[in-house]
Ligand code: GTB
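Starting off, we have a lone chain in the form predicted on its own, written out as structure tokens.
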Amino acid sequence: MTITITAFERSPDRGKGLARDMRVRWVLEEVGQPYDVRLLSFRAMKEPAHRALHPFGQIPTYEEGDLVLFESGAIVFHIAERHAGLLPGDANARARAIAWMFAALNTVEPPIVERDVAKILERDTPWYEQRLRLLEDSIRKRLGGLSDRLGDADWLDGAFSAGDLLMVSVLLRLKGSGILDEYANLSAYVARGEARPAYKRAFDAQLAVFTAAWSG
């Protein structure tokens, strides 16, 4: 059965690999599974046909036969469970990898996304500078704990796992902010993720969509 995922027709990240379909592309490349992509406009994302797949009208979605999934973390977990290489065989190590998946999405990502939103929507408000400082302090607290735990290891818990895939995906949102640069081991950690051949294939595929859409 062919896997089909959905992605932005015109991604607002302008080809930087930050849209959440990138995580799904990456995990599929890691496990060597071919997939098709259905591109959606912002208008189509809110129409009934897509909302039947994703109740909140967002991307990505995942379709394989009768199975339909939404939420990038759930999709990554589903794929990692069914294909070798991204979740350890040892039960305890597997549980730790899953814990890191949750940590990436529930602990590390929220203040990073809030910062992005504030920079777009709140820049002209009187409280902007204070809010930005608070959000960046929150980000640094999380990065400090993550940096301490990673230490000088290549990956969070032994071999590269789905936990690393999601964590690197989240940290990539900080590139160019200067915040990630304050943690040398985390910067190197993200660079290792970007250097993986599967990541490069996924990035190139997403970039090709951007190039085609915005050059027309």
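Residues carry their position along the shown sequence, with the first being 1. What you are looking at is a predicted structure, and each value in this text was computed from that prediction instead of being measured.
The form predicted in complex with the named molecule exists for this protein as well; it is not shown, and the discussion that follows is about that form.
The closest heavy atom approach of Gln33 to the named molecule in the predicted complex falls outside 4.5 Å. Contact annotation: Arg149 falls outside 4.5 Å of the named molecule in the predicted complex, judged by heavy atom distances. Residue contact check for Ala202: none of its heavy atoms lie within 4.5 Å of the named molecule in the predicted complex. In the predicted complex, the named molecule sits beyond 4.5 Å of every heavy atom of Glu194. Annotated contact segment (heavy atom within 4.5 Å of the named molecule in the predicted complex): 54-62, selected among 185-193, 54-62, 155-163, 25-33.
At a distance of at most 4.5 angstroms from the named molecule in the predicted complex, none of the three residues Ala80, Trp100 and Ser169 contributes a non-hydrogen atom. Contact residues in stretch 172-204 (any heavy atom within 4.5 Å of the named molecule, taken in the predicted complex) are limited to Arg173.
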